[in-house]
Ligand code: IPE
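Next up: a single chain in structure tokens, the form predicted on its own.
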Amino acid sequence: MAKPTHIAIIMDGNGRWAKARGLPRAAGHRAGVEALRKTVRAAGDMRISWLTVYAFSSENWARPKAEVSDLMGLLKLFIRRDLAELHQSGVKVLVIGDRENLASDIKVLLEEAESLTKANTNMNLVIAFNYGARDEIARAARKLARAAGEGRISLEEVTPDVFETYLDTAAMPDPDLVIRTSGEQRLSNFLLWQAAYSELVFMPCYWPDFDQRKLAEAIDIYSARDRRFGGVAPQDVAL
């Protein structure tokens, strides 16, 4: 199997990584940002066209205020510190998730990252921020209902292909491979529509320990699989 065009990652385990070392959770999140930097560079070196990372879910707001504040600070630091390098490397940054009620400084920062890099073509880095798949699907349904109510589309025209044009990921390819670190084996409300036929690889390491070698390992696992998309393999047709 060819290497994946689009890899999506659930970056899990920062807190447990820190706890195992007797460190505060904030130290785990900082180490997680370093792992993100390494992974983006590794994906670029491997010529992966699309990389989507689950940076902050719509459910993460329920965490303690101090932790949320720290995560917001790390996001700002990542964009301010790394945006120039990403731009120079030809990385296009896109953001998915609900931006409507975000703080103005966060919203401006995300828009700046997209605007600066919009013409880049070497790789696409998709940041899922304030993102939840059920929320995304509900927002898409509201937009579709509004379009139908205004007569811009008829109910008979609504197909899966049409519906996905209302999702945050419209015009993006579905992920071929979804990786989750920390050993947990669930999608946690991440790309539920888009991952319908993705290959799922669950890595036992915590996210701060993820690196180029582990990314290559996940890709090797993916490459050994037989993707059938609900059909049968060609060699099985005659059986």
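Being a predicted model, the structure only gives us computed values, none of them experimental. Just count from 1 along the sequence shown to find any residue number.
Same protein, other form: the form predicted in complex with this ligand, not shown, and the subject of what follows.
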query	finding
This ligand in the predicted bound form reached by all of Pro175, Ile179 and Tyr222, non-hydrogen atom within 4.5 Å	no
Val33: touches this ligand in the predicted bound form, heavy atom cutoff 4.5 angstroms	no
Contact of Glu67 with this ligand in the predicted bound form (heavy atom, 4.5 Å)	yes
Any non-hydrogen atom of Asn60 within 4.5 angstroms of this ligand in the predicted bound form	yes
This ligand contact in the predicted bound form: Ser188, any heavy atom under 4.5 Å	yes
In the predicted bound form, the residue from Leu109, Leu71, Val91, Val95 that sits within 4.5 Å of this ligand by heavy atoms	Leu71
Segment assignment from 38-46, 166-174, 52-60, 192-200: heavy atom within 4.5 Å of this ligand in the predicted bound form	52-60
Contact set, 4-40 vs this ligand in the predicted bound form - heavy atom within 4.5 angstroms	Ile10, Met11, Asp12, Gly13, Asn14, Gly15, Arg16, Arg25, His29
